[in-house]
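In the block that follows, a single chain appears as structure tokens, in the form predicted alone.
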Amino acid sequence: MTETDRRIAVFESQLKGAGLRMTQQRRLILRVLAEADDHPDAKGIFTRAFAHDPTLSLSTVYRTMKVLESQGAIERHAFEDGISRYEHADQEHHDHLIDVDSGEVIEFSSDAIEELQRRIAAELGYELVRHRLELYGRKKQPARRGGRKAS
């Protein structure tokens, strides 16, 4: 069984557990979501699925995503741009760097950051239960050579 098939099976189980029927449209949404290697929003999922089934409605995507989120199968991220983006909940812990110009979401992990967060919580008398770190940045432009032209 491929990773995509495994995720689809988990998603289907979550939807059935919530009492939803498994329609062809929902299966298509699940496949699009399981194959996503980015952080799509509901409209992005809709656009990808709509290419295969033009009878699909955006409200079906929203309802499906809401149930998957409530069941813990996906995580919703509301980054600074206000758009809710989704990712699989079964991934290893990671943090996000968001490019403020392009909106690209970059996943990263850092043992040093994880240790610092645990240490800060402990110094304040807490045991860290969970956290979410989002960094917002802009790609650095390479330095220009030669300086200014003389006039």
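One rule holds for the numbers: they count along the sequence shown, beginning at 1. In this text, rigid core is short for the largest set of C-alphas that superpose within 1.5 Å between two forms. On a predicted model such as this, the values are computed, not experimentally measured, just so you know.
Another form, the form predicted in complex with the DNA, is not on view; read the next lines as being about it.
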query	finding
4.5 Å heavy atom contact with the DNA in the model of the complex for all of D38, Q91 and F108	no
Interface segment, criterion being heavy atoms within 4.5 Å of the DNA in the model of the complex, picked from 116-124, 91-99, 49-57, 30-38	49-57
Touches the DNA in the model of the complex: V10 (any heavy atom, 4.5 Å)	no
L135: touches the DNA in the model of the complex, heavy atom cutoff 4.5 angstroms	no
Non-hydrogen atom contact L128 with the DNA in the model of the complex at 4.5 angstroms	no
Contact of K140 with the DNA in the model of the complex (heavy atom, 4.5 Å)	no
Within 4.5 Å of the DNA in the model of the complex: residues from 12-38 (heavy atom criterion)	E12, K16, G19, L20, R21, M22, T23, Q24, Q25, R26
After fitting the core, A18 CA displacement of 2 Å or more between the shown form and the other one	yes
